[in-house]
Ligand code: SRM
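Before any questions on how it binds or moves, here is one chain, the form predicted alone, in structure tokens.
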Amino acid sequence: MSKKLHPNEALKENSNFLRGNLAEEFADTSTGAISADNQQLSKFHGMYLQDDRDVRADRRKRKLDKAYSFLIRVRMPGGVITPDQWLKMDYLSDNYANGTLKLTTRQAFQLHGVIKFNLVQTVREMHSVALDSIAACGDVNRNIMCNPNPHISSAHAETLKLADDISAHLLPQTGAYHEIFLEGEKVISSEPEEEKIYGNTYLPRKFKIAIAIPPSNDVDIYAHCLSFIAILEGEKIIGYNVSVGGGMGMTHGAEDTFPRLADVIGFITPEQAVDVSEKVVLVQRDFGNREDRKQSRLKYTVEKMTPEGFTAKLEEYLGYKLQPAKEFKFETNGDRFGWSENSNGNVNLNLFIPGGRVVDTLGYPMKAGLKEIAEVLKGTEGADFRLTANQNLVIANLTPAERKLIEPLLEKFGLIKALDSSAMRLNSIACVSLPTCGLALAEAERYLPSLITDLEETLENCGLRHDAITIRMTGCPNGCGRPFISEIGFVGRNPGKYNVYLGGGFFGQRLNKLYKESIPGEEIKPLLTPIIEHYAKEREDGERFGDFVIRTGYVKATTAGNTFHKEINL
């Protein structure tokens, strides 16, 4: 007896290739919301319906509808955009969104607070500068990440091209997005419309791809469905190691859900990378779980089939075998802050963007400063803006003359001062969480900065201000900020309370372990201070915080995703 498919499967199949009646609903101004079915379909077009939870209770008392708006996520492989595109996104954030730009952990923009009345116009203006939100969400391949740091210029250029090529190859073929948002007319053809890669029910769940250039694991390849690890001889990429089966999300209280690190399964030539991407997607399309969405990510498919079984099926689809994986070494998953030089004599500046939120605040007009820099650089030949996987920004490939032009602006707007932050703050990530994310159980982006401020007193007293410790916070266990591979992780459990995780690998190579459950925010500093002090006094030469807490018995090492919930001492 066959299992019952999840309702989303029928929704996708009957959606006329993701159209539904979205066009009609977006044109209906009598409400700021759309139907539940269309909320699911709108994700495939890069947008989520949300509401402001800060005002939800007050509006309910006044018998008002929720304060609905949309999040729009932009597809931009590798996170690279031109200064002109930055200026357009800045304009859209001020005129159609909530006045801020969010830089995501997938090297993309998010616009928050776009009301339904402005949704179509916002997408059209994005399109005017060659930006879109196609497949930025939904059960398809999402924005492809790659190492953004251009100091290895030739290798970065090659991985960026690969990200573009894979993104284009795996883009849904339906004309729904153009018809709904760009006034496209449906092409009448004797051939029925089809999705040659995805089929008419697309994938069981979302699919994520990343490309890394060792020794930097800044894109966290072990947290992705599919990753390519560049293998270099000198500065030339000779091929890629392939890894599959990573993923962060889980559900509180459900031990059959867990974060999982990807397995490295072999080596391929550069020419094979797009084909391998397609065939991994096809295996997931055909063998992924379509009954239980909590078990439908590729990580569970690999877990069920085993890495060896998955590889055998992949090679069957490919028609050739993968070569044995080649040696590589990661040393960090953070950003390379400050100035760096390219091989062509140009320079780059990696700036710290707290929480990935580009916004003007009292005493720190960051958004205005970046806008002025983009105005100076617009129309230039090589300069660009690069969003990092750690929610930061690289202003890249500046000529010496362009550097001189922007240095006064960096000083004027205080953009360099942020680099004086503690190493812990520079290695922090927070998801958006409240007030807009409907899944959030606790604060994240709005709370983590103040928590780090509290911990910085301890760091200063211990002489650890400049010692990097990765710290991440998410408002729920879905893992958007990749908390389960950080050395210190916080995951929202209830309002104001967090599960505290310790022992992740400094360069993303090991999952952490639950240390304390449902800890109120005000108790986190007294909980962690003795551990940080212990680390300062008794760490071994070069020992990272995550390694230390395992060696000294605070937590046991998580050896695999399926042991994530085991051997926990609360």
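The model shown is predicted, which means the values in this text are computed figures rather than measured ones. Throughout, we count residues from 1 along the sequence that is shown.
From this point on, the text means the form predicted in complex with the ligand, which you will not see here.
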Among Gln391, Asn333, Ser133, Asn147, which has any heavy atom within 4.5 Å of the ligand in the predicted bound form? Gln391
Which residue among His156, Lys371, Arg386, Arg73 has a heavy atom within 4.5 angstroms of the ligand in the predicted bound form? Arg73
Within 4.5 Å, heavy atoms only: does Thr105 come near the ligand in the predicted bound form? yes
Does Gly489 reach the ligand in the predicted bound form, with heavy atoms at most 4.5 Å apart? no
Is there a heavy atom of Tyr48 no more than 4.5 Å from a heavy atom of the ligand in the predicted bound form? yes
Contact flag, Cys431 vs the ligand in the predicted bound form, heavy atom cut 4.5 Å: yes
For the chain seen here without its partner, which of 471 to 479, 162 to 170, 339 to 347, 77 to 85 has a heavy atom within 4.5 Å of the ligand in the predicted bound form? 471 to 479
Output the sequence-ordered list of residues from 437 to 459 with at least one heavy atom within 4.5 Å of the ligand in the predicted bound form. Cys437, Leu439
